[in-house]
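The form predicted on its own is given below as one chain in structure tokens.
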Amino acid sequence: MNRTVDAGKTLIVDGPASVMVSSGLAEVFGLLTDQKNKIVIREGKRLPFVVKQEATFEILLGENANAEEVDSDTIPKSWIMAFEKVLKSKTQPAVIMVLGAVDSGKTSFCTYLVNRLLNMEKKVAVLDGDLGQSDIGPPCTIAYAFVTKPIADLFSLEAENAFFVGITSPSKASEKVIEGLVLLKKEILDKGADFIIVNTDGWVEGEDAINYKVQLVKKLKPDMLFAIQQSVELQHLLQTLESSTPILIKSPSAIKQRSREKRKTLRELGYMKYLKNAKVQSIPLNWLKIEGSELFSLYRTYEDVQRAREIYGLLGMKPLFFREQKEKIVVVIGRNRWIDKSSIEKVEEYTKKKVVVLRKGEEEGLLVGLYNANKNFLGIGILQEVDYRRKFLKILTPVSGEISVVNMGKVKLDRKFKEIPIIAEEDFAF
């Protein structure tokens, strides 16, 4: 459909949709759009087209998409002032960090800063630290990219490097997230950026979240810290960060709150993007270093053969795989095998350790991060099978380089790259 909008108004479009300006001029987060630009809006995303000169739009709306006009510019004045402060920064390279709750407009603000800085011919990189809603790298990773031209959506960027964390929230991996961000920040600085825009996740409430954000600021040492607040959700965090002098900016009036299901859908688009053209590879376990997995960290035949036989006798069977760890014993059995509860109790009484029983196939669908021998990130994959007899891993991945390190994540996907529940972490040895 075609739609003409007067200058000074804003056309707000919810995806999935595509929009092209057939006449006139509009702006999206600092990106000027005219007849040369066709902008695709993902499902779950919203873009504001601020009309600079009366514009006619060609709009194609997908299922549940929407387009509506509002009478004013939806970009907050505080964003314009924030950009002016960034531009006047006496420190270069300058690290700019953005904090805010879920769906507060952090990514939109980062996109706005990037585009405005590019219009001033600055060399800009975006460091994406939002595991659950990553725009630049695959979900469950931290990633960065240098931006060479104005963009409407950070999702269109290709990651130059990434750091696999393997989970969608920093709440159970905060130290690893900080480690990855510090590592990638140094790499970006070595490549000569004028500005690094650091986008962060929306975990901001509660003592653990506050402590995590404080450590994030301490370790990354931003030259300028912006906080987007909608009501009072950042009050405690801002008080704690007072010594870092965060600059408060407003959330856009047209911001769209997304459900947990919608955020999950956006992640699944990310899995699809980074698993496109994936093929199954069979890799011998002794070629690989496995990280993030107690089960495979020291994969070998159990050394105390006599003790192993005694445990097999108590179990009443020889499992596909057996591993005695410091505090527990992991036993892997066939899909259709069963170990009697009383047999498990006998082993626990004999060893004074908890017995964890896994069935072959429970590993299927586990998200993994893949690295080469130099620990350079190659991409992600999905663990398809552990062949315990032949000692192979089967991984579905588009990665073509030689894989030397496999980092096991804690997210599972089905064959259509949809997230599925994982068994309780305390019973999951992979």
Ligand SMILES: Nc1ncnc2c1ncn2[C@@H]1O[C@H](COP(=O)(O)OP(=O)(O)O)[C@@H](O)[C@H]1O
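Residue positions are given as counts along the sequence shown, with the first one as 1. Owing to the predicted nature of the structure, the values given are computational and were not obtained by experimental measurement.
The next section is about a form of this same protein that is not shown, the form predicted together with the ligand.
Taking the partner as it appears in the predicted complex, which of 280-288, 321-329, 104-112, 81-89 has residues with heavy atoms within 4.5 Å of the ligand? Residues of 104-112 come within 4.5 Å of the partner.
In the predicted complex, A26 touching the ligand (heavy atom, 4.5 Å): A26: no contact with the ligand in the predicted complex.
In the predicted complex, does K346 come within 4.5 Å of the ligand, counting heavy atoms only? K346: no contact with the ligand in the predicted complex.
Is R46 close to the ligand in the predicted complex, meaning a heavy atom pair under 4.5 Å apart or at it? The answer is yes: R46 has a heavy atom within 4.5 Å of the ligand.
Please run the contact check for R337 against the ligand in the predicted complex: heavy atoms, 4.5 angstroms, yes or no? Close contact is absent here: in the predicted complex, R337 is far from the ligand, nothing within 4.5 Å, heavy atoms only.
Which one of L157, L118, A193, I75 is close to the ligand in the predicted complex, taking close to mean a heavy atom within 4.5 Å? Answer to the contact question: I75.
Have a look at I210, V357, I255, I311 for me and say which one sits with a heavy atom within 4.5 Å of the ligand in the predicted complex. Comparing distances to the ligand in the predicted complex, the residue within 4.5 Å is I255.
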